[in-house]
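Shown below, as structure tokens, is a lone chain in the form predicted on its own; questions about how it binds or moves come after it.
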């Protein structure tokens, strides 16, 4: 090794030791006849001192060092006169006897500091420099620790980590595939896996009753803060189990991660039916760090001649406690917020419960005081509260009010990143109707088992069939989802039929799985956690980008290596792919 110690480990207990350190120059400063250099590696920072009275030539050499120069020094550990107790090494410094320049460096395009002057695009272009900064590096250390905890927990329960193929076949369900042309099979393509779903089910058929994998997955879909074209899952499957077994095992995983990585003891994770989540929060991933549940008002507000309410399928609202003093400007800001195209609401009705007990609404000409008292009673308001009401088609208005609820949570400081509210959401619909294709699609995937008592409704009322499916939600973010799988060929064939597959199409796409079910498939189920999302929650970040070593930007590009990029005509010819201009 070129060093005897790292830049983060020497303390007052190491006084008078002769040491050799390597690292990067963080910064340097001249004070009279002294030069001080802060030297950094991934473990910390150590201050180096050069005194011209001891060695003028060495000090002159040190004064030539620039930011991010790579150096090696040898010297003695001495006590600092101006201690910095915020640093692990803040009580000592190295009196340098020898300095070796290992590599010079250009001036970085942004400051390699915790608080940098580099924007997102610039930092992505020079990601290898961004990774030198403490916040980004600490995120990757956190990611490593979490991965190790996952492996330790699952290994302790006899799970086996098995690698599944990366080059698989494209399937029509789910998000868009990334496809890979096959040179040896012209005109045919592999797909990159959106998940190892069918392979982990085949492992259950094979007798590997407890499988996991921390695995890369790929989806060619529109990007946002919590999505990347390639992402990582904690992928798990178990055989000879029921839903309760899955919930208990993987609630245990989440609890261990919080305890051993964050030092947070979680209480028992509550459970909520999908139908209740939509009714009370307008979302299948509700943020339960704060209350503000929906109150339905159809029975109270309809039939008095206010056309907005009378014509609406659903009238619904929330109680923003303590907000009665909101100004007209603040109310208008909220109205503008919900009218944004991505939310699409048409308006907002409000009722103030004044500090003096008075009730004042934005529709007073339609509702008298006695009627407004019914509103107040429905929301259980107190003086100082503000009721916010929306009306419209049921599914749309619930989603719109959900966005408003989250916005109010932000404004009122109720979404503390240091507070954690995990939740199981259970019994999702098996199918959802797609207007564009005019057919049902699987809400999770085609291999999810319906509730046994609902199977008969597949022919008569498919939209009401519930799935044996469950999601783990933390602070309003879905971090994991799974289901009990179909393990019977006849039921799986029936499912494909209701998803619009012909018998021939089902056999072509998934014949390998259907055939496997005829050789003794056990009852099985599983779950997959979005590892990037989980790490970002532990790190207190809104975006998963800074917990991934080399992420893509919002256009799916790696601006550091300039990918995706064109390839040579010769490669295209080998692949039998014709180019178009």
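As the structure is a prediction and not an experimental result, all values here were calculated from the model. Residue numbers count along the first chain shown, from 1.
The same protein also has a form predicted together with a further copy of the same chain, omitted here; what follows describes it.
Engineer: Honest question, do 271, 441 and 447 all end up within 4.5 Å of a further copy of the same chain in the model of the complex by heavy atom distance?
Structural biologist: No, none of 271, 441 and 447 comes within 4.5 Å of a further copy of the same chain in the model of the complex.
Engineer: Could you check which residue among 325, 120, 407, 245 gets a heavy atom within 4.5 Å of a further copy of the same chain in the model of the complex?
Structural biologist: Residue within 4.5 Å of the partner: 245.
Engineer: Wondering, does residue 517 line up within 4.5 Å of a further copy of the same chain in the model of the complex on heavy atoms?
Structural biologist: Yes - in the model of the complex, heavy atoms of residue 517 and a further copy of the same chain come within 4.5 Å of each other.
Engineer: Is residue 557 near a further copy of the same chain? Define near as a heavy atom within 4.5 Å, in the model of the complex.
Structural biologist: Output for residue 557 is yes: heavy atoms within 4.5 Å of a further copy of the same chain.
Engineer: I'd like to know if residue 500 sits close to a further copy of the same chain in the model of the complex, meaning any non-hydrogen atom pair within 4.5 angstroms.
Structural biologist: Judged by the heavy-atom cut-off of 4.5 Å, residue 500 is well away from a further copy of the same chain in the model of the complex.
Engineer: Contact between residue 11 and a further copy of the same chain in the model of the complex at 4.5 Å, heavy atoms?
Structural biologist: No - in the model of the complex, heavy atoms of residue 11 and a further copy of the same chain never come within 4.5 Å of each other.
Engineer: Counting any heavy atom within 4.5 Å as contact, can you tell me which stretch out of 271-279, 204-212, 251-259, 462-470 lines a further copy of the same chain in the model of the complex?
Structural biologist: Of the options, only 204-212 has residues within 4.5 Å of the partner.
Engineer: Note that a further copy of the same chain is not shown here; using its position in the model of the complex, name the residues of 63-91 with a heavy atom within 4.5 Å of it, in sequence order.
Structural biologist: The stretch 63-91, when checked against a further copy of the same chain in the model of the complex, contributes 68, 70 at the 4.5 Å heavy-atom cut-off.
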